[in-house]
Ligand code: PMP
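Given as structure tokens, the chain that follows is alone and in the form predicted alone.
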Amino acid sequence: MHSWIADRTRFFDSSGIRKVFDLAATMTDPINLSIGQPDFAVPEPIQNAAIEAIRSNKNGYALTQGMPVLLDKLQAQMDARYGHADRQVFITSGTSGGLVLAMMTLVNPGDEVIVFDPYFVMYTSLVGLAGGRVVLIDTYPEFRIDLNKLADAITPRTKAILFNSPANPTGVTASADDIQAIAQLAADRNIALVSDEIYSCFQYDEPFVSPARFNERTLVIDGFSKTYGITGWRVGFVHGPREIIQTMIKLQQYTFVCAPHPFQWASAAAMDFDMTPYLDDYRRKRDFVFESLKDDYEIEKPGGAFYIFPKSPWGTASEFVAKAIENQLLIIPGSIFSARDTHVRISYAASQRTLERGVEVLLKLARNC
């Protein structure tokens, strides 16, 4: 490593996902089931709200904490939902920005952060960036959280638990009972519970439940990108205890500065748009992929998000993905999200035709091993 490069950068390795994305750019007709973003076009009323904001000169810096048009709307929603006296909202530069600020606010060098394996790829890197130590809790094969394992993993150095349901990369959703138990354990042990809820609207079989319902000190990370197909607009939000939020706002002032101004106005308009038909379509896509693969793959039915995480039917996940790529199919090896190299992440955020082509290849690879 070059002598100028800081040691903290060793916690980041994007080569695995970047390799797949680079391949996609060079292939003429790839079956791309690798990308973690919705495939639908931004609904026209939301597009129009963004265009109107730009044309009405809402293009300068926004307030660091967020513009009132969006901030006040979110605060009212959270007040009505939770009724917590000490729950404040602010607007972040994407959900990823919220995660960065959360780790920088909470984690001191040497602090331990509990992460459930498999995990969203950024979690372990951001803990390392903040100087913390990741404590992984294995959730294979069903991707359910063992509360006894969680309790046993807590030490005097434990600062936070990173929780994500519906989960990336598995799509699995935690039960309301498990969520309540995790929330109560964090409260009892005086540990920060950080709940990544970016896929909260993509929950197909039962109502979404946040641990904030059971633990008023839960720090929630959320955003607009997945729900409305606006991943490039970089508008997220965080809500939690006021003192934590105020510290995160201070850090945002000296890092991201603010979330994009015109897109905050568009996000406020998006909150009034009914996305139910889009989410129903994703439920159908989930059902199609699961039903197509369940007899040939060891697979847990995902309850949310837009991923499915089957076990490779042969070899390592990396070997299986290499063979899939030879067949024009782009998927992600599970080792990107896990200490194990046994499963693959498939995104069903794609057209029906693309899903059909992908399923055809996956069945061929499983049956011709």
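The numbering used is simple: start at 1 and walk along the sequence shown. Since we're looking at a predicted model, the values are computed, not measured.
In what follows, reference is made to the form predicted in complex with the ligand, a form of this protein that is not presented.
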Would you mind picking out the stretch of 115-123, 284-292, 141-149, 257-265 that comes within 4.5 angstroms of the ligand in the predicted complex, counting non-hydrogen atoms? 115-123
Give me the residue from L99, L71, I179, I244 that has a heavy atom within 4.5 Å of the ligand in the predicted complex. L99
Answer key: of R234, H84, K250, R133, within 4.5 Å of the ligand in the predicted complex (heavy atoms) is R234
State yes or no: in the predicted complex, is some non-hydrogen atom of Y199 no more than 4.5 angstroms from a non-hydrogen atom of the ligand? yes
Are any of the heavy atoms in T227 no more than 4.5 Å from a heavy atom of the ligand in the predicted complex? no
Whether G94 contacts the ligand in the predicted complex should be assessed with a 4.5 Å heavy atom distance threshold; does it? yes
Is T173 near the ligand? Define near as a heavy atom within 4.5 Å, in the predicted complex. no
